[in-house]
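Quick setup: one chain, the form predicted on its own, written in structure tokens, and binding and motion questions come after.
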């Protein structure tokens, strides 16, 4: 049975960290938001760093459920009968929905990235966070590559890093400038990616 007190503390941490930021939020603030004693918050989470990681994971759950509803898990293999191009296109569409529905998650994510630049414990969590999501993109990318008329020179992992990094660059621009047209940027990235993946095989007359 889930520990409801722990879940309440994590949910409170998510709300408080999004609203106030990592450096302006203390364990007492999170405990007050959760309606528990500060000592109880420390019982479940030794440090604010631990709570930040838990809050990020909490905020990501709706996104993971959206993918699972579509038949793909973050850590599992692609379904055997999956259409990789469909999942690739769906991924870009979900990216647009994520920005509209979960803006607070991206505020917290970039806050975590910034803290991780100078905090080894958070840096380790950031690396795991990025590696898991890059690997997820790489599984879809590898499946797309298998169906390409002419396989690319770069690896699926390299493409995944480029796509993940490009999407988060777009997310960051939206976080910093609410007027930025992130959907158009994601559509452009999708168009470039899909056009490359569906390009015809070059003939000998066009090579070189």
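Numbering follows the first chain given and starts at 1. Just so we're clear, the structure is a prediction, and the values are computed from it rather than from any experiment.
From this point on, the text means the form predicted together with a further copy of the same chain, which you will not see here.
- Contact with a further copy of the same chain in the model of the complex, judged by any heavy atom within 4.5 Å, is made by just one of 27, 175, 40, 66: 175.
- Only one of 147, 35, 62, 165 lies close to a further copy of the same chain in the model of the complex, with a heavy atom inside 4.5 Å, and it is 165.
- The closest heavy atom approach of residue 100 to a further copy of the same chain in the model of the complex falls outside 4.5 Å.
- Shown alone here, residue 44 lies farther than 4.5 Å from a further copy of the same chain in the model of the complex, counting heavy atoms only.
- Mapping the unseen interface onto this chain, residue 96 falls outside it, with no heavy atom inside 4.5 Å of a further copy of the same chain in the model of the complex.
- a further copy of the same chain is not shown here, but in the model of the complex it comes within 4.5 Å of a heavy atom of residue 126.
- Relative to a further copy of the same chain in the model of the complex, residues 58, 74 and 138 are all farther than 4.5 Å at every heavy atom.
- Residues of 4-23 placing a heavy atom within 4.5 Å of a further copy of the same chain in the model of the complex, in sequence order: 17, 18, 19, 20, 21, 23.
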